[in-house]
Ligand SMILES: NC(=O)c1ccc[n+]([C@@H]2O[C@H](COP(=O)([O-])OP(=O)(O)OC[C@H]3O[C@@H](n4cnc5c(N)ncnc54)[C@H](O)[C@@H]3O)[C@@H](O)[C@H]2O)c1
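Just the one chain here, laid out as structure tokens, in the form predicted alone.
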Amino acid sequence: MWDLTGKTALVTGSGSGMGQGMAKQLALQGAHVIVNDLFVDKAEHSAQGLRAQGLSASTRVFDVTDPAAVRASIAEAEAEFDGIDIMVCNVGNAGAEHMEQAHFKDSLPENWTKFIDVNLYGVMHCTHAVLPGMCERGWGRVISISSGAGRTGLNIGVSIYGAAKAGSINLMRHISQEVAAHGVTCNAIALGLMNTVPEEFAAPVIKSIPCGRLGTPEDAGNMVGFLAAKESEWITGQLFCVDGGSAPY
């Protein structure tokens, strides 16, 4: 079950956090995982951690908001590994910048771009780069990591982020219809409140989660591993919520 031996997976933003959990799960299923990060040390540390467990991993350092860098790095990886079979678009928040929260009426237009560039254009750049090869080979998985903020309105000052995350969800829905006949599936995952939130914020937040805890990299990785598998070939254009029951609709 869920055997990915012989497949190559690229996970953006897998130098830390949820991305590490996704990369590890895909590697455990037998895939060679390309760890992407904006920072060389983070990417290499994550990949080395996988290799220390006897898993197969390498690195590619690029900024998902730079289309030329994305195209060049993915082209090199495809040449080296005979294609990228699984694309997990995980980079989010504000990228390398601090995620500033502000109500829309108080926000500055010059601060909108970083959220849209990372959370929507980043997904577009990476997906656009891998789709031709996937379609030509007749097999592929594109998984966009979205957020509960992309599904519902929240009063926590993340309107632009939420709009971009919603865009990435609908992007997967549309592309899924275009490439299904080529054996390529496209799905999105909406993560809920994960264990990356500050400790002082965690206690009151946990009370609102029916399962009674924050999400973990393993929780995120398990859903990615399922959607990447051959057994999920009849699932496409869908959104899956990994949120401990926080938004049961």
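In case it trips you up, residue 1 is the first one in the sequence shown, and so on. Being a predicted model, the structure only gives us computed values, none of them experimental.
Quick note: we don't show the form predicted together with the ligand, though the next part is all about it.
Using a 4.5 angstroms limit between non-hydrogen atoms, Gly92 touches the ligand in the model of the complex. Taking the partner from elsewhere, Lys165 is found to have a heavy atom lying within 4.5 Å of the ligand in the model of the complex.
The closest non-hydrogen atom of Ser58 lies beyond 4.5 Å of the ligand in the model of the complex. In the model of the complex, the ligand sits within 4.5 Å of a heavy atom of Ile145. Distance criterion of 4.5 Å from any heavy atom to the ligand in the model of the complex singles out Leu193 from the list Leu28, Met223, Leu193, Leu50. Partner contact region in the model of the complex: 111-119, out of 174-182, 134-142, 80-88, 111-119, criterion any non-hydrogen atom within 4.5 Å of the ligand. Heavy atoms closer than or equal to 4.5 Å to the ligand in the model of the complex belong, across 35-72, to the residues Asn36, Asp37, Leu38, Phe39, Lys42, Phe62, Asp63, Val64, Thr65, ordered by sequence position.
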